[in-house]
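One chain comes next, on its own, written out as structure tokens in the form predicted alone.
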């Protein structure tokens, strides 16, 4: 059961104390309090665990300060919608709103290689009004002899450049708990010139100890990629590990399913599930066309197949696109063959804006 309190009621208010005093009468019920920070208001939600069947929805709904009460299923207790279309979706981080209505492009380097390439990328993003990017400092690789990323050594100058070029949020994959501290330390030492969204890669989707560690910190939001070889339900339950530990600022990313069914693409594109995730959960949804397609093939009209895939995601309602660009893909240390070129950035951004506008027109048609 979830109790949604009226806006801006927190643990210091008299109404909150009265509600918790009422609930504490039931010894078999545990209370977890979660803050949901929207763009314009903050909501407190109380998650009740245990024998909640003994509780009366009517009595709780009548308590002062209660907006509404929701019966929930066992799965996705915190991140799920539970058939409540009023539930606040998404969050605001570093003045950027991430919700099921917003649309952001995270174009950047799959792996940070040189300062020059990072500066070229960020300068280009700034010139086109973009405030988000992807920059990989830690890279898990299939081959143990492949480049694993520059790690914490590159963080200070990556963050400094982000601040110089107005980048508000960097999506950055982590592979180990200690890397959270390295990122937070580097942000503090550089004066917080930017923000970081921790990325959980597909290989770590079921690394539950890492998920718990990431969930215990609530300073940095999380971009969670679907596992490439598990069901959607298993991946959504894995994302719930983050929220159950305290961090519900989570974006769910589709990146294609591993298997021969998608060949010659790298993975089977699964972007048709964007609206399904938005129906089942209140997470914003991201698509990763670069790792889904895995190449620079073009359709007969001259459009990159990865761009077509990104368009499919946006038209289906995706709220974020994670896409690889590189100033010189031939020398990129990771995934160069799939990276888009800098002179393709203006067209890509224009295309994605047109797709999002078309999605909004589709919503308006069905709202009639």
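Keep in mind the model is a prediction, meaning the values are calculated, not measured. Positions refer to the first chain, counted from 1.
Quick note: we don't show the form predicted together with ligand PEP, though the next part is all about it.
Contact annotation for residue 278: none of its heavy atoms lies within 4.5 Å of ligand PEP in the predicted complex. Using a 4.5 angstroms threshold between heavy atoms, residue 293 stays clear of ligand PEP in the predicted complex. When contacts are judged by a 4.5 Å heavy atom cut-off, residue 113 does not count as touching ligand PEP in the predicted complex. With a 4.5 Å cutoff on heavy atoms, residue 201 counts as touching ligand PEP in the predicted complex.
Of the candidate stretches 132-140, 238-246, 279-287, 149-157, only 132-140 contains residues with a heavy atom within 4.5 Å of ligand PEP in the predicted complex. Highlighted residues 173, 225 and 322: every one comes within 4.5 Å of ligand PEP in the predicted complex, counting any heavy atom.
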